[in-house]
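Shown below, as structure tokens, is a lone chain in the form predicted on its own; questions about how it binds or moves come after it.
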Amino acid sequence: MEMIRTGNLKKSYMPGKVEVKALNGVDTSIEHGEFVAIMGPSGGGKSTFLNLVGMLDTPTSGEIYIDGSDVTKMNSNTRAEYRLKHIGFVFQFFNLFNELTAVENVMFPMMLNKQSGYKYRAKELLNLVGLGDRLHHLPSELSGGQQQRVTIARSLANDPKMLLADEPTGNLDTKSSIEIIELFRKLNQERGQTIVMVTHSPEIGGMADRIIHFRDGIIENL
């Protein structure tokens, strides 16, 4: 069953007088429970595709279906609510609240979503990512790899249908990068978590189940 399907997806920008076509007709499908890497040269449309699928931006034209729902027809409020409840994000920059502890950072989206038992679930998720002994540490007291694990735990807080990761190892050393991707594989294999990850690294991309190559705003057939 499809988790993501796009039809003739296009996105253009007008930074000046010349139109820039970031995506130029992308048709693709990603199944439930897949771990997919999005690769290609800079400017190829990788992050634009992720932002559109993650409902952080809207397409110029085309269709996006998430778990059977046409999200391009949703209004802004419905999109925001859907995104909070069903999509988890992991970025290159950890975007943690520096004044909050690890467990408080993970609790935050659950509090926004008015979940009950959020403190227990936050602890559970930090245990899942191997940080059960770092619950009350501030981000400044954690390594880069540990901060990204907190981010991953937070992204899972609302039990999302899919996890979108944009260069999740971009700020990490090789050892920490491998550990983060191994954690993704664990989440994918043991929990059936759908994961779509943008990366420049062939080594990191090769750890996914499948690679989709973007170039010049289209999917490149290799």
Partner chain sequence: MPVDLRCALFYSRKDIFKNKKIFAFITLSIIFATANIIVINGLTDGMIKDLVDNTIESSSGHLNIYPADNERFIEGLGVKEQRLAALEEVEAYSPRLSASGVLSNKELSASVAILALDPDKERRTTKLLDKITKGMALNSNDNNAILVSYRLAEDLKLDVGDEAELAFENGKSKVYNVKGIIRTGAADFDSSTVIMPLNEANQQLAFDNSASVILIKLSDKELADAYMPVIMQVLGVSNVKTWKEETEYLLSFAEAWQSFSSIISAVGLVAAAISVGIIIYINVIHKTRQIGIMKAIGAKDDFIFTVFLMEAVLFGVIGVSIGDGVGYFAVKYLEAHPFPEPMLGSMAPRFYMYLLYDASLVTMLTVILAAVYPAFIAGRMNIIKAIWGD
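The structure displayed is predicted, hence computed values, not measured ones. Residue numbers count along the first chain shown, from 1.
There is another form of the same protein, the form predicted together with the partner chain; it is not shown, and what comes next is about it.
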property: The unique member of Asp173, Asp27, Asp159, Asp57 whose heavy atoms fall within 4.5 Å of the partner chain in the predicted bound form; result: Asp57
property: Heavy atom of Asn188 within 4.5 Å of the partner chain in the predicted bound form; result: no
property: The partner chain contact at Glu34 in the predicted bound form, heavy atom, 4.5 Å; result: no
property: Partner contact for Arg83 in the predicted bound form: the partner chain, 4.5 angstroms, heavy atom; result: yes
property: Contact flag, Phe97 vs the partner chain in the predicted bound form, heavy atom cut 4.5 Å; result: yes
property: Any residue of 109-136 that, in the predicted bound form, places a heavy atom within 4.5 Å of the partner chain; result: Pro109, Met111, Leu112, Lys114, Tyr118
